[in-house]
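Read the single chain below, which is given as structure tokens and is the form predicted alone.
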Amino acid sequence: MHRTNFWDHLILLFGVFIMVGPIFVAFMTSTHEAVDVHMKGLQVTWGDDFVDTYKEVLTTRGGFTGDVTGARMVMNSFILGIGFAVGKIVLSMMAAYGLVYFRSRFSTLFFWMIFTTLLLPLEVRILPSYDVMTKLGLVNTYTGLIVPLLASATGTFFFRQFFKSVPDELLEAARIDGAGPFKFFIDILVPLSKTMMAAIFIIMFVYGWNQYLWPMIMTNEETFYTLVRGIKQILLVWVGSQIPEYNQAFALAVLAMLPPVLIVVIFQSWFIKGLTESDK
């Protein structure tokens, strides 16, 4: 038994090393000067440039226009991640509510029509989506960044399954008390769905935060750049004898990892409970 536990823990520690190792190297490299990184490669020891690097990344204006800072890119990423997650939850809950509680012989057909959109990722519909946003004048806007990402079946599927598990007695009791469809949704279903909402929020926030392709197409003004895209911009400054700010790129990479990690760690219990809870 003890030998089995030893090998189990050894395998788990090896997995932790594989996952955490690159993050550790990226963080340590970000504390060195760009010249040292360029000449010596990745670093695994603590450097002397930690405070200056992260202060410069967050506060110094840069880019081609000289108007963007790391703090602004962090804010843009938060707007995209939170806006996408909240919008997805609201839209998915309303769609699932209509499919489950507004009885129709076409409800199943409508659900499968929505569900098949999982076969059409953003990369497939990116050109028509961009064309629509351009005609609506939503390029270089937060609305244009968020709205096209809201349409998918993931959240609708989870909330539909959750609503179907809610006892019918609750609906009957609400009707007896004179509650209409809106009041039943707000006063009963929304409170019951808190753990599911938390689980979906975590998934969608991380998905929205890590978006790269869509923000790259929808924004050509640096003031709307997200943090993930900003990393790429730092590495595109090789001009003459000037070398890319590798330390700043790694610092941005570390900063880009922190919010999703903190969200998952803080709300881990809600996340697991929301996806596994069966007692309503």
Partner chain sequence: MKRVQFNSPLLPYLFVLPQMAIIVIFFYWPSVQAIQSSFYLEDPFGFSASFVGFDNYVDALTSSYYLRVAQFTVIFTVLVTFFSLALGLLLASKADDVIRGSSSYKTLLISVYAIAPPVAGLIGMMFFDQHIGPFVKMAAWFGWDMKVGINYFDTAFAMITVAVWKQIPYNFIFFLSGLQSIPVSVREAAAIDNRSRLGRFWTVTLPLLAPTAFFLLIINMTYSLFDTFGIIDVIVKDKAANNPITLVYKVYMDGFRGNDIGGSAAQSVILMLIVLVLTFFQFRFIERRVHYN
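Just so it is clear, the structure is predicted and the values come from calculations on it, not from any experiment. Definition used throughout: the rigid core is the maximal C-alpha set that superposes within 1.5 Å between two forms. Positions refer to the first chain, counted from 1.
This protein has a second form, the form predicted together with the partner chain, left out of what is shown; the following refers to that one.
- Using a 4.5 Å heavy atom cutoff, none of Val74, Gly83 and Lys194 lies near the partner chain in the model of the complex.
- Ile114 belongs to the set of residues with a heavy atom inside 4.5 Å of the partner chain in the model of the complex.
- Although the partner is absent from this view, Leu127 contacts the partner chain in the model of the complex, with a non-hydrogen atom inside 4.5 angstroms.
- Interface membership of Pro121, defined by any non-hydrogen atom within 4.5 Å of the partner chain in the model of the complex, is confirmed.
- The partner chain in the model of the complex is not approached by Tyr54, whose heavy atoms all lie more than 4.5 angstroms from it.
- Contacts between 191-209 and the partner chain, taken as any heavy atom within 4.5 Å in the model of the complex, involve only Val206.
- Once both forms are fitted on their rigid core, the CA atom of Val20 lies less than 2 Å apart between the shown form and the other one.
- The Cα position of Ala34 differs by 2 Å or more between the shown form and the other one after fitting on the rigid core.
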